[in-house]
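Before any questions on how it binds or moves, here is one chain, the form predicted alone, in structure tokens.
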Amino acid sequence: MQKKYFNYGKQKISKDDVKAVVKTLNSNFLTSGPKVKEFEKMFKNFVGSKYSVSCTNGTSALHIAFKAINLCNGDNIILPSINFIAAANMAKNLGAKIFLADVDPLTGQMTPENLLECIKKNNVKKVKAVCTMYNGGLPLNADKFFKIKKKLKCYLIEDACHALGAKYSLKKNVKVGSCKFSDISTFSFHPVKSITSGEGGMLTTNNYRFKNFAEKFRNHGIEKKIEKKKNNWSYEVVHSGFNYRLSDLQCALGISQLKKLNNFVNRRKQISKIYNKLFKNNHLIIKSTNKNHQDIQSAWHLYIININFKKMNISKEKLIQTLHSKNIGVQVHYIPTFFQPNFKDLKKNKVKFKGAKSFFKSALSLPIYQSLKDQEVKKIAKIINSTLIRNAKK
């Protein structure tokens, strides 16, 4: 019998999810219909924003967000150097001038100090937009970034694809996606995220102009004037838009999943606590020095450990392959953007990226998803601990 392989992330689909999709299959709508509006309304009510607009994936959500703020050729945008490549790709495709900020070496997140350093060292005169990203799901420094945004008089986009279900403040119950500290927040419903709709995305905002633009842009730039009791066949194309519409089928799954989001996040939190306890005495795993997170809730999209490879007789690549052979699918989130061939020109950046390079050398994402059982988490931790200790320098 083949042993179970533990991926770093995985969806959890229940009978009620299947039932919701089948019910929609038997309805009159498969593409854009009532489930899209229901999902969008449910989502904005959950996160606490005025508006939400669904789309095909997290990448299209970023594209729409950048277009909504009119990010154009030659505009300056600042991104964290550790992030999935989607934000940088979209910015580059729009012709924006990208500046990468360094990150904290343990969290992999851009800090306010990193942002200001990037602006100063690169002598950026006018910032059009800053795009933050909560790597792993913990929304750090949101209020501080918002203060900088107001001072710079620029736009602030939150790439919140890791952070659905996270809260800026537990006491005040302020959720990521409420756009309390941003102009637009973007989300992904890829199977490894907090919830899934197969593929899918959402952007939230409190700005009606952004919402109005997004609804048209995702639908080829089409604008219709709807009148009751009339065949509204005519339309006008007011933007050069895309087909970024999410289907009723996907939204039916999204609605069913969103109802369980709090339980999903709580389970991820429980798994993280087990890991914390079992890794507590392993001197090869660097402990995070970041404190004062008592009032912040993570979505626990990732469980990242930082390994001190200076004390190891094994390389990171060899460790990954060793764990893979033991059916543990660890991952790296992420390869720094400036290492990618498509962004080699960003090496001209005046920032030295000490934090990003350190994070990339040490960070590994471990399996964390809702259906992982306690015994499986303990088994994974035991294998990792024993593998590290066996390969430690004497």
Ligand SMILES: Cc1ncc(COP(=O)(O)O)c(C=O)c1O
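These numbers were taken from a predicted model, which means no experiment stands behind them. Numbers for residues come from their place in the sequence shown, where the first is 1.
From this point on, the text means the form predicted in complex with this ligand, which you will not see here.
Colleague: Between this ligand and 104, 309 and 356, in the model of the complex, does every residue show a non-hydrogen atom at 4.5 Å or closer?
Modeller: Checking in the model of the complex: none of 104, 309 and 356 is within 4.5 Å of this ligand.
Colleague: For the chain shown here without its partner, which stretch in 105 to 113, 186 to 194, 239 to 247, 263 to 271 has non-hydrogen atoms within 4.5 angstroms of this ligand in the model of the complex?
Modeller: Comparing against this ligand in the model of the complex, the contact stretch is 186 to 194.
Colleague: Taking the shortest heavy atom distance, is residue 86 within 4.5 Å of this ligand in the model of the complex?
Modeller: Looking in the model of the complex, residue contacts with this ligand include residue 86, since a heavy atom lies within 4.5 Å.
Colleague: Closest heavy atom of residue 139 to this ligand in the model of the complex, within 4.5 Å or not?
Modeller: No.
Colleague: Quick one: is residue 161 in contact with this ligand in the model of the complex, heavy atoms, 4.5 Å cut-off?
Modeller: Flag for residue 161 set to yes.
Colleague: Even though this ligand is not shown here, does residue 62 get within 4.5 Å of it in the model of the complex, heavy atoms only?
Modeller: Because a heavy atom of residue 62 falls inside 4.5 Å of this ligand in the model of the complex, the answer is yes.
Colleague: Name the residue from 118, 133, 323, 156 that puts a heavy atom within 4.5 Å of this ligand in the model of the complex.
Modeller: Comparing distances to this ligand in the model of the complex, the residue within 4.5 Å is 133.
Colleague: Among the candidate residues 338, 334, 369, 43, which is the single one with a non-hydrogen atom no more than 4.5 Å from this ligand in the model of the complex?
Modeller: Residue within 4.5 Å of the partner: 334.
Colleague: What residues in 43 to 57 sit within 4.5 Å of this ligand in the model of the complex, counting heavy atoms only?
Modeller: Only a single residue, 57, comes within 4.5 Å of the partner.
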